[in-house]
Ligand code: C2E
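Have a look below at one chain only, the form predicted alone, in structure tokens format.
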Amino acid sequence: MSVDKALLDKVLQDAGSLFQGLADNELTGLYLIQDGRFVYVNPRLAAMFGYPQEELCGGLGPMHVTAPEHQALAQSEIDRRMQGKAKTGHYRFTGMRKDGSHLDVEVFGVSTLFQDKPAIVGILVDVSERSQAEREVSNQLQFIGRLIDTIPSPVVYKNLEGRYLGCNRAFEEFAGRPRDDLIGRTVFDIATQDVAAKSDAADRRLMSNPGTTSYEGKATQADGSVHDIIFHKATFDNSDGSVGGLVTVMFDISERKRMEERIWQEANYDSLTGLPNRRLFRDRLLEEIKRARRSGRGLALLVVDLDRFKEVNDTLGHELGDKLLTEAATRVRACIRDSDTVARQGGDEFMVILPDIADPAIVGQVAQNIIDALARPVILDGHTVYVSASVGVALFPDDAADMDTLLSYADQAMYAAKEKGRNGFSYFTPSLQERARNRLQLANELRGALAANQLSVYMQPIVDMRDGAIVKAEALLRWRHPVLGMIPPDQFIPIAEEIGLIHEIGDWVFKESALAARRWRDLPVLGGRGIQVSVNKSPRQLVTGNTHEDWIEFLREIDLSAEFVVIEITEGLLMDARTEVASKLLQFRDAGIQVSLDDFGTGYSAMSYLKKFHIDYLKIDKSFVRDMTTDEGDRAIAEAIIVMAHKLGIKVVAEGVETAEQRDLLAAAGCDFGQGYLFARPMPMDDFENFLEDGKGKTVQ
């Protein structure tokens, strides 16, 4: 069907110049509708729907190019204009091509008269690409919205007036309000006054200087809990580039802060007593020294060490020992000012810093107050416990001008207080430093003493109290220094333990003693009965190392029966709760080596341990023997020990027997063996062997 040129001219004439322009536009579809049919379509519109112009204008109407789901919409819009209810129309619908495919169409229509009858003239624009782009943008925005909504951290948007535009689910939960209730409100409606004021001030600063900002603050959640928050804020722009508002993201760092606090607490405070630990103490001491230098005022450092705490700990158990330390910390803290520092150095040792000291006499009073406080009895789970304390005092800057020296001097003073009898305090003096210097020199020289043949084993006879026969001997270590001469064991044995030489030295002493016992076993003067040698075993040796196994094996190597050796231990070691101590003692017992308990009666004297470890000998400490002839109490104690030991099947050795009267009292009480200057002093091994030969195995009675 051909287009009527005259009709087209008439249409163009009636539509005016605008219609003329549209008709000539190849990018826009042009139409004229009358009586429900297309009267005219331009080539672009025909191509848009895949029809020839002739076919569309040959009786087809708008419904032929409208998808079924939008036909009602299109018909309604056409009716409104055809009936005069609306002059213009603008809407979108889904069009349908001749092949059935769809496209998105935007319609701009105007009601008019054509040949004196109502008609609609307008344009159609294919907006499929734009609609697809819009759908993609919409999908992206929806995805971003869902994504933001799933962020666990609260997110909120505000306009320039500080009113909420929107938020995510996390912010709803934090604020305790649905987002519909939040929109339009400000931070002052949901937060405390101080938090709101800080947030609003930060917002205003950011609005005036667009960009980003972050700060840390507090925020109260809907349940009333206060959280530590990092606020990250950034402005956003409108489409024209102007600032539209800001977005805030809140990161809850409360757990991190608590963790940091715990880590700092654990790093700087003692978990048992709650006092500053060694690390924090050193930091504070250094700061106090700096402050003292600036102010010109002195400070005092006190080292407080509990006396015999280990015995309490071993006897009553570590749990009660911990309670005792906690109570001690409380008592020491009560003796000082708020400006002072008390710290736990470790174990049973405490440190006290007394700054701003004008009168040194005040330091002595504080030290005495601490001693008195710790001397009061402590009730622990029904047990009454008594401890005391030894306190060392060093002054800054009088004694030392730096921290490490001050610590060393206070420590030396504390040991001096212990040596004076404990339960007291001692100031640092230059003589203490001299003693410490000598101790260090001895430690250095002791390392080479064994290789240089400066150490030797002496023997002191132990006699049978019935007939004076020498049946035993105690091996005693001696150090003959090339310059200082004979150094007492109580000076160098603790040093050997401290520097770790006790294992090597103790092993050498045992082997020398065992070899001597092997020789004396065959001495004719002894008639084949030999001499049983007692060898002291340091607590350090029994707690660490495997010398017990080496010693048992060594006896096998030299073919010496275990009955010729006695291991001598202290009472405190017997009460050591560690399993390795019990295990090693029992291994000696199983190998046939007897065990002697030295210095009995000076410690806790727990009877249950005597039975538990099958002790063979008790040695009455010389402190009881010394005064038993003049002190009825000491004599009663010695006699009681003898009776008790015999009831348990244990034999008794009395140490420190120096007079015939002491010997006679002990013999009358039933004491089995005696040791002391009355019988013989300790002597080198060769002299001891000659002593045996000359005395034919007996001492003077």
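Residues carry their position along the shown sequence, with the first being 1. Computed from a prediction, not measured in an experiment: that's the story for all the values here.
The protein also exists as the form predicted together with this ligand; that form is not presented, and the subsequent description refers to it.
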| item | value |
| --- | --- |
| Distance check, residue 341 to this ligand in the predicted complex, heavy atom within 4.5 Å | no |
| Residue contact check: residue 189 to this ligand in the predicted complex, 4.5 Å heavy atom | no |
| Interface membership of residue 476, this ligand in the predicted complex, 4.5 Å heavy atom rule | yes |
| Residue contact check: residue 676 to this ligand in the predicted complex, 4.5 Å heavy atom | yes |
| Candidate from 596, 168, 536, 248 lying within 4.5 Å of this ligand in the predicted complex - any heavy atom | 536 |
| Heavy atom within 4.5 Å of this ligand in the predicted complex - residue from 313, 460, 426, 412 | 460 |
| Interface segment, criterion being heavy atoms within 4.5 Å of this ligand in the predicted complex, picked from 236-244, 488-496, 261-269, 399-407 | 488-496 |
| Residues 29, 89 and 126 all lining this ligand in the predicted complex, heavy atom within 4.5 Å | no |
| This ligand in the predicted complex - contacting residues of 651-681, heavy atom within 4.5 Å | 655, 656, 657, 658, 676, 677 |
| Closer or farther in the predicted complex, the Cα atoms of residue 644 and residue 311, when the shift from this form is 3 Å or more | farther |
